[in-house]
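Just the one chain here, laid out as structure tokens, in the form predicted alone.
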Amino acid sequence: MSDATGPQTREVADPSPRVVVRHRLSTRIWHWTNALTLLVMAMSGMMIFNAHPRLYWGEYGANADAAWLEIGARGERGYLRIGGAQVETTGVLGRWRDADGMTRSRAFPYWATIPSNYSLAGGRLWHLSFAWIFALSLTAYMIRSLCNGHLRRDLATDRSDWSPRHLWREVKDHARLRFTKGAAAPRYNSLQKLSYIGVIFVMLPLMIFTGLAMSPGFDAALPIAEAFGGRQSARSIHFITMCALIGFFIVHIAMVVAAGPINEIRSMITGRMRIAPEAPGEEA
């Protein structure tokens, strides 16, 4: 006796992954160039900071002035002070041992600075040399991204990207390590768009302009330090922005590891990534 309802079919998702183009050549070149230059500039910047590990607001700042941030040592104890709050950082900041086991009293340890041995002149040489690479590569990337449509196609936002409810859902999905699959996987989500826009068009240019504001020669020709409230304010903003970029870098690496480091790194080298298929009924 035959089934009166006839044969039933069920849609089965293709279990095989697909390889798609994710990153253009200009994006890949700038990504790795920027990663190297920021690493060198952060480490050489820490060496420069070691020469005077205090930050101020305004135009002037010296040992006798009140600093809003200070990394130092008292006796055998290292400390970090921000405003009126102070924490002990012995062994990491302020007071630490070098590779030879010698105790040093400087803000950042040898393994976090370029060069590793104290040299203000060496730190400045590394910092300013890579600053040119940093500024020129960022400018070239911005122009190229505008010309090839990368900004309009991949980073442009709409009202849904700014919706608090939508952003909160993406935050929870990231916290639960729930990543998009299928057709939506190669596209930047709202958090990625807003983060990349903030880094590329706000934080990185801010690093450049605050760096120029700290240069006496440049500030004499074009006094942009006034726009930041003084040279010491520019130095403080420069330091804060560097810390924010390091925080972004840590989160970025964590997400790459969680999403699958081989696939993610391969996509930033070859431009192509392998995307997992969607389960039946799963939203893109």
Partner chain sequence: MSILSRRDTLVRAGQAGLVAGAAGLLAGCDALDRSPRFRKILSLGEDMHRHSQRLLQDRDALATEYSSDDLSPVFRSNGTRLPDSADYAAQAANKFVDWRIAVTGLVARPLSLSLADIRSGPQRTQITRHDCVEGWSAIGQWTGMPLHRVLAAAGIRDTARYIVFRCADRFGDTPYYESIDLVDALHPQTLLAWRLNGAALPIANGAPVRLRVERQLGYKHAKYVNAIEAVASLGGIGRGMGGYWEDASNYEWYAGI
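Residue numbers count along the first chain shown, from 1. Note that this is a predicted model, so its numbers are computed, not measured.
Beyond the structure shown, there is the form predicted in complex with its partner chain, which is absent from this document and is the topic of what follows.
Student: Tell me, which of Arg81, Arg124, Arg144, Lys193 has a heavy atom within 4.5 angstroms of its partner chain in the predicted complex?
Tutor: Partner contact (heavy atom, 4.5 Å) among the options: Arg124.
Student: Pick from Ile237, Leu39, Leu245, Val256: which has a non-hydrogen atom within 4.5 Å of its partner chain in the predicted complex?
Tutor: It is Leu39 that has a heavy atom within 4.5 Å of the partner.
Student: Using heavy atoms only and a 4.5 Å cut-off, decide whether all three of Phe134, Asn263 and Ser267 touch its partner chain in the predicted complex.
Tutor: Answer is no for this spot.
Student: I'd like to check something about Tyr60: if you look in the predicted complex, is any of its heavy atoms closer than or equal to 4.5 Å to a heavy atom of its partner chain?
Tutor: It does: once its partner chain is placed as it appears in the predicted complex, Tyr60 has a heavy atom within 4.5 Å of it.
Student: Would you please decide whether Phe209 lies within 4.5 angstroms of its partner chain in the predicted complex, comparing each non-hydrogen atom pair?
Tutor: Close contact is absent here: in the predicted complex, Phe209 is far from its partner chain, nothing within 4.5 Å, heavy atoms only.
Student: Should Trp162 be counted as a contact of its partner chain in the predicted complex, where contact means heavy atoms within 4.5 Å?
Tutor: No, no contact at 4.5 Å.
Student: Applying a 4.5 Å heavy atom distance criterion, does Tyr188 contact its partner chain in the predicted complex?
Tutor: Flag for Tyr188 set to no.
Student: From the candidate stretches 149 to 157, 167 to 175, 73 to 81, 126 to 134, select the single one in contact with its partner chain in the predicted complex, where contact means a heavy atom within 4.5 Å.
Tutor: That would be 126 to 134.
Student: Within 4.5 Å of its partner chain in the predicted complex, counting any non-hydrogen atom, which residues from 216 to 253 show up?
Tutor: Read in sequence order, the residues that approach its partner chain (within 4.5 Å, in the predicted complex) are Pro216, Gly217, Phe218, Asp219, Ala220, Ala221, Pro223, Ala225, Arg231, Gln232, Arg235.
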